[in-house]
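First, one chain by itself: the form predicted alone, in structure tokens.
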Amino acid sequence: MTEERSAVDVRIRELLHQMTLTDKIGQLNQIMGAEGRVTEELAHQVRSGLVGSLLNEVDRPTVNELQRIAVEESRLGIPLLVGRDVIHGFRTILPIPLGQAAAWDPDLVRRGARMAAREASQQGVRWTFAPMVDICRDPRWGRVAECLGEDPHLAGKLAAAMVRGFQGEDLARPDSLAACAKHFAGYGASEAGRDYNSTNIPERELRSVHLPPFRAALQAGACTFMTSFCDLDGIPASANRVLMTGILREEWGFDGFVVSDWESIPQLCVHGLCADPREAARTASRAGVDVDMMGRAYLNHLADLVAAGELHEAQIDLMVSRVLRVKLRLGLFEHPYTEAEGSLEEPPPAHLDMAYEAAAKSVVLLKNDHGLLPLSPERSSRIAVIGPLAREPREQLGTWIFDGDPSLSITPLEAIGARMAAASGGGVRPGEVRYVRGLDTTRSRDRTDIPATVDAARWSDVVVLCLGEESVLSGEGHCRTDLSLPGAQEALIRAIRETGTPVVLVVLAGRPLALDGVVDQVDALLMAWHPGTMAGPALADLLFGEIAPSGRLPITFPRVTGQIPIYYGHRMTGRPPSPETFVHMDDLPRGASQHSAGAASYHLDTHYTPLFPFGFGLTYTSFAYRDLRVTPSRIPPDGTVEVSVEVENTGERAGVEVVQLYIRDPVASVTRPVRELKGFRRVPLEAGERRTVTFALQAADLAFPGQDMAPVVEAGLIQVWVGGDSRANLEAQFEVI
């Protein structure tokens, strides 16, 4: 035990010795602030020690006054912990987390979280309910926007980076936030993609896919965890002792605290697990949930449970000690007040630069026929900017931006107009931009204004279409059954296509969309997610080639919604599809008989491959891979191999390649995925430049839950692929002996 840890434990014991049972229970109760007001009731609760933490109070003077009451007027002077959903920025908004994941850049994610922590902490916030590290393979789920993709390795690296960014190098610094890894665990597997729904996850899949990003967040130092709304195999997360105590504390050694999600403790009664809130309080506390968010079940029932002998006060002490430990680590006892100077009305230029970099790196170029992009003023002097998302400062920010400031947003229309105006000079006449909204919203089915978009398209040299989803169509509680473009957007695209003018489709959305019906109707396609405050400048610079796209997909794009779930790391099955076995239903002969001979695992009415695979992304140059080497060729179960590959920029301009390493264990005691991501690196290369990229792959990286669920590294052949996406075909192998 370190000297610092020992001193913290001594202080916790001293505080517990002074606390009444009521004081202790108060530390486990989290309530809402009063939106910038200190009401008599709120002041009374704080003064009486009935509140340990607040959420959603971001007015600095109000936070300081509540802290003053807690520190100076309550009996023990224990400061409050103020939490907020600081998900992808605070006042300055970054791309949604799924968009940030598309950058495949942990350092970018870390720096973005650091920026958000600085802004939020100026308002008295010291705890964020992020990162959300749920693995999602069903993008019908609205909260896919908040996640870091479908892959546990990528999500784990980014989750750890986000934790380090929020918490900083010293958690006691006033500009640090305590991170909260959520939602523990399996929430991303909500049945049918419906929020708050049940999850049915076999233990092996839970341990292989859904838990690793949480462990990565913990290893990065995450102070708190939040329970999921869902049940897991019949046991709701807020009552799940196996998760909260068995895995999180006993297996992983977590010593921070666990908070329930909003009212999820009394909702144990709605699930049908508990008869009343009293039983729910007993069940959740025994399971290992320390803080009750907005449920009041602990405040109303823990004392009675102790008096009745149904709960030992020692358990309460343990829960309180975890809360106090986080408050002490944050330095709240020494520095409860927020003394930040200045205003967030005008973020510093560095914050806008951060938002620009994140937006630029997150955009994924999915199609670029005939090199339409980048645009040039000479060939594109008249541009039609069309679509309901071209001039919507609020919508480009995305979900979970309670404190985001739309007045800071620079829209795609603004930025393209500025770029075209700046192109004048040197004999080039000023460019012209014509804007037509086309549809009132992304959901609108009214086609009244489509003729005006056709006129604009005929006038222009190129059309930039800004379509997709408004921010309200994704996020918590906003799930969809059909992931094609909503409203009349497809009709709009087809009408513009008929003009013959080249079309660039920029999709702004909170999830992957099923674009099979329109991908052939456009010449270029950029997936921009919801890119945040600086969406416009980032997109304009990408369109005109000031910078080159470098984003890669962190999640698979289906052709049609009915393919879901579709993800790269699936298992083989006994009858995998192949070009030889695939037959589309349109190609079946009339009167064809039904039989199983030669049949395989696919849908008759669409191809078995996705529209765009995990890891995919284009840029304005090309790359070649060669000379893949794995040394040594044989390693013991505790050994390491070095995987190296030569990557060359074979195009005519600089670019960034995201080099990706995949493996497969083809014969094991339990069936394994066809591929697993085990390493990645962003590699900038000048035109014609070659570089050798090297990965160290430890045998421990190959471990998986065996038949007894214990991690195992088995002897045998391991296949290795390196390339630019999950379809990489440059292959080597090594053997574990």
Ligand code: NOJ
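All values reported here derive from a predicted model rather than from experimental measurement. For every residue, the number given is its place in the sequence shown, counted from 1.
The same protein also has a form predicted together with this ligand, omitted here; what follows describes it.
**Student:** Consider the chain as shown here, without its partner, and state which of His351, Lys182, Arg419, Arg215 has a heavy atom within 4.5 Å of this ligand in the model of the complex.
**Tutor:** Only one option qualifies, and that one is Lys182.
**Student:** Please tell me which of Glu470, Asp231, Asp290, Asp261 lies within 4.5 Å of this ligand in the model of the complex, judged by heavy atoms.
**Tutor:** Answer to the contact question: Asp261.
**Student:** How about Met226 - does it come within 4.5 Å of this ligand in the model of the complex, if we only consider non-hydrogen atoms?
**Tutor:** Within the cut-off, so yes.
**Student:** Although the partner isn't part of this model, could you tell me whether Arg143 comes within 4.5 Å of this ligand in the model of the complex, counting any heavy atom of the residue?
**Tutor:** Yes, Arg143 lies within 4.5 Å of this ligand in the model of the complex.
**Student:** My question is simply whether Glu119 lines the interface with this ligand in the model of the complex - judged by any non-hydrogen atom within 4.5 Å.
**Tutor:** Glu119: no contact with this ligand in the model of the complex.
**Student:** Taking this ligand as it sits in the model of the complex, is Asp138 near enough to touch it, meaning that at least one heavy atom pair lies within 4.5 angstroms?
**Tutor:** Judged by the heavy-atom cut-off of 4.5 Å, Asp138 is well away from this ligand in the model of the complex.
**Student:** Want to guess which of 261 to 269, 94 to 102, 600 to 608, 316 to 324 is within 4.5 Å of this ligand in the model of the complex, heavy atoms only?
**Tutor:** Only one stretch passes the 4.5 Å heavy-atom test: 261 to 269.
**Student:** Between 450 to 480 and this ligand in the model of the complex, list the residues on our side with a heavy atom within 4.5 Å.
**Tutor:** Sequence-ordered list has one entry, Glu476.
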